[in-house]
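This document starts with one chain, in the form predicted alone, laid out as structure tokens.
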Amino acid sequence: MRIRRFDSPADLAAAAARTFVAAARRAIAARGGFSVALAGGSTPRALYQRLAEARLDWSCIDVYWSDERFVPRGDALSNEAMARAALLDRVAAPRVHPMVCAASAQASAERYQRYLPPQLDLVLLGIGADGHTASLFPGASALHERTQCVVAARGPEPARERITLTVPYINGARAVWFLVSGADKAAALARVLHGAEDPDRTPAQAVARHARRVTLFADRAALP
């Protein structure tokens, strides 16, 4: 894992945006396109707002999701709605693949499986105060899925029904980034980095310790 520490969430977002732009341009030049799974939350929102001002050929970028709440797309709890407001509705012609795409979370997961490419270029993730990442929560059966790329899952209220990428699929991406800020994440992040191997307690370990190429972007509150 490569660890990058920043003085503030703003510095973190600025650096992540620069790195994102460079990675996307390299992929477009090399393979004709760039595929990314976006994350929800306040830290990614700051990144997305910066990316909306970046010079990128969004028509060559496919946008997926690391996880989503099973709510209407315009709902305030929707990761897609947040990303659209911060970024996707502000740039030209990105190819967006909504995760809520059927009448139930299970049907959406089954359908989304058919949309996903064999490998994503980048998966963006956060880490919750309980150690979860995407919608892979402590003790959840979804943590142990080994054959599917995406599954229906359960999370805390509100909006308990979720859809999430699975550990093997995330770990197969060309790159995985964790964006982590705030003192409330420090204990969980310490377990991810230094704790005993126990992904049932700290699901983010299953990705952070085993994905092909991991970068942690963290501010000093989360990573003293």
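In this text, residue numbers run from 1 along the sequence as written. Values in this document were obtained by computation on a predicted structure and should not be read as measured data.
The same protein has a further form, the form predicted together with 6-phosphogluconic acid (6PG), not shown here; the description that follows concerns it.
Scanning Ile127, Ala109, Leu120, Leu87 against 6-phosphogluconic acid (6PG) in the predicted bound form with a 4.5 Å heavy atom cut-off leaves one residue, Ile127. Contact with 6-phosphogluconic acid (6PG) in the predicted bound form, defined as any heavy atom within 4.5 Å, is confined among 187-195, 167-175, 26-34, 40-48 to 40-48. Interface residue remark: Met99 is not counted as part of the site for 6-phosphogluconic acid (6PG) in the predicted bound form, having no heavy atom within 4.5 Å. Though the partner is left out of this view, Ala134 does reach within 4.5 Å of 6-phosphogluconic acid (6PG) in the predicted bound form, counting heavy atoms only.
Taking a 4.5 Å heavy atom cutoff to 6-phosphogluconic acid (6PG) in the predicted bound form, the one contacting residue in 53-67 is Asp67.
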